[in-house]
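Take a look at this single chain, the form predicted on its own, given in structure tokens.
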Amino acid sequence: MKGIYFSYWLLGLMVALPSWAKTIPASASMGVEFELPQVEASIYARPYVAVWIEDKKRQPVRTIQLWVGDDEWLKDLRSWWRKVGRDDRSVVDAVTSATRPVGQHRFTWDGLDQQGNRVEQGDYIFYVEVVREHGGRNYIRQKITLGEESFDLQIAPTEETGNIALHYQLN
């Protein structure tokens, strides 16, 4: 009989634990500096870019940026498409914008998930996928820990990206 009560107690504890999780501070945000380099090619097309965050269980949390010229090319961002795009048209409609030219680009993630809720403190993965017609494909993963301490990270350039800098700040 004690085993049954313990099982119910343990189940109740497991259900209650997520409510104890602490969210990142309300003032927290992550600035992203993102460079698209000049690529020497006989035919150059602006790249398609997806930038998103996943939790430590590799579940999508938020698509931050999606630069695509036309919806028909979304599937070329294979990793993002498989995780998010093909199943959630509302994300595509809410986030998609035009492709960007060579140069420096800046944007900020407000620390909210796709439903507008503040994310919990903990480990996440920052992703960038860049695909260029008649060009290369780069897929970048960077582990990050969001909490009550600021950080700055530099991600090394690839064939299709220049430097990428992440600035997590508690304003």
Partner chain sequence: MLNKKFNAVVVMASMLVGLTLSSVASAHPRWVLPSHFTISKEGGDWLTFDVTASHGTFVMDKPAGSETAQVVMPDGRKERPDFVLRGKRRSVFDFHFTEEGTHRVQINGTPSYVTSYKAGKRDTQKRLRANKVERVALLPEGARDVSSTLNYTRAETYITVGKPSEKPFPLEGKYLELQPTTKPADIVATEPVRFQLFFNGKAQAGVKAEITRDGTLYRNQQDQIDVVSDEQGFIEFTPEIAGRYILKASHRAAIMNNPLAEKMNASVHLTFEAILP
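The structure presented is a predicted model; accordingly, all values stated were derived computationally and were not measured. Residue numbers count along the first chain shown, from 1.
Missing here is the form predicted in complex with the partner chain; even so, the following discussion is about that form.
- Interface residue remark: residue 105 is not counted as part of the site for the partner chain in the model of the complex, having no heavy atom within 4.5 Å.
- At the 4.5 Å threshold, heavy atoms of residue 82 reach the partner chain in the model of the complex.
- Contact annotation: residue 137 falls within 4.5 Å of the partner chain in the model of the complex, judged by heavy atom distances.
- Contact annotation for residue 89: at least one heavy atom lies within 4.5 Å of the partner chain in the model of the complex.
- Stretch-level contact analysis of 118-126, 25-33, 42-50, 66-74 against the partner chain in the model of the complex, using heavy atoms and a 4.5 Å limit, identifies 66-74.
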